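Encoded as structure tokens, the following chain is the form predicted on its own, with no partner shown.
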């Protein structure tokens, strides 16, 4: 299963090489041109069947939230900082792998027996934590890891029930996997696929991926937060598992193009493909950078709802993933000049 292999791949921001190599092999047979830019984005072009049809950019980011090694103690323990939006409360005792060698380690802290009553009143902060790779000295640790290397959660991909998946890095390997599936089909439009880097630290890859590509419109394939759990109120759910892909109206970085959004919703209704609206203005995606490129690019974001986002054990429903692929493919198959004008 491609999604399983993508989830397992090592890809902190700026260190996406393993993910990029995997994706290059997967999409090679289905595109006309493939290249990597100076920042590390993997780009591909798939020519459309109709002359003069729009040029559509499809994007998904390769990087995952991660840690960066910042210091090696004399004891061999490692200090680190977060890369991307990780809740510090979830870090303690989590297994990780460090660097391209995938050195195993665990995030440690003071034992519960030693925690003072005052310390029990707050969650562990980064300053309280360290990463243990089993080294007993700085010299031993330096043979295994270097300052600046990334570390990612070391958690397994597994099925929950018949239709749900638990894994790390579903944000945004689920978008990467969907984009690979979409590229395997033929469309009237020309596709520019962009598997971007460094999204989790500021949409950096997307800032250059769309430049100079003569793009008419862009679709961003993502994972987004679901808060459909018992302690949520109806107006707080944002998205929910099983409701289909979530279409963004607005987030912190983007107001979706109204005509494109309306056209996608029309396609979903006509094809009877479930979808939902993402009901929050927080967060951001590569769409925030793409829609500001050159003279502006009409952009929408389509996302798979995901519980426990940016954690070692995110959860998605596979039907939402399949409906994302189906809706995107249907929209591209019907897209001609002027379809999204109303």
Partner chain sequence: MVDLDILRRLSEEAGVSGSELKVAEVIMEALRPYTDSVARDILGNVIALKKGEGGQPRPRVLLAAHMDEIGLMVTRVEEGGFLRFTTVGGVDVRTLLGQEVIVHGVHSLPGVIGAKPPHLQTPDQRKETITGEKLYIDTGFKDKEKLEQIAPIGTVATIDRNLQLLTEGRVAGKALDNRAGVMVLLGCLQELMGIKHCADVYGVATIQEEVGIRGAITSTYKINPDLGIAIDVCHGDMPGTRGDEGYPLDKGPAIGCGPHVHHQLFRALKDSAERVGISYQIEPSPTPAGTDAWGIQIARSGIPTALISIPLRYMHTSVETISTRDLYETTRLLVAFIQGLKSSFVEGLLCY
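Residue numbers count along the first chain shown, from 1. Keep in mind it's a predicted model, so treat the numbers as computed, not measured.
Although not depicted, the form predicted together with its partner chain is the subject of the following passage.
Though its partner chain is absent from this view, in the predicted bound form it lies within 4.5 Å of a heavy atom of just one residue from 158, 229, 112, 147, which is 147. Exactly one listed residue, out of 208, 183, 90, 262, brings a non-hydrogen atom to within 4.5 Å of its partner chain in the predicted bound form: 208. Annotated contact segment (heavy atom within 4.5 Å of its partner chain in the predicted bound form): 208-216, selected among 208-216, 266-274, 159-167, 103-111. Contact check at 4.5 Å (heavy atoms) against its partner chain in the predicted bound form: all three of 20, 81 and 204 pass. Mapping the unseen interface onto this chain, residue 40 counts among the residues with a heavy atom inside 4.5 Å of its partner chain in the predicted bound form. In the predicted bound form, its partner chain stays beyond 4.5 Å of every heavy atom belonging to residue 190.
In the predicted bound form, at least one heavy atom of residue 24 sits within 4.5 Å of its partner chain. Residue 328 falls outside the set of residues with a heavy atom inside 4.5 Å of its partner chain in the predicted bound form.
Within 4.5 angstroms of its partner chain in the predicted bound form, the stretch 54-71 places a non-hydrogen atom from each of 68, 69, 70, 71, taken in sequence order.
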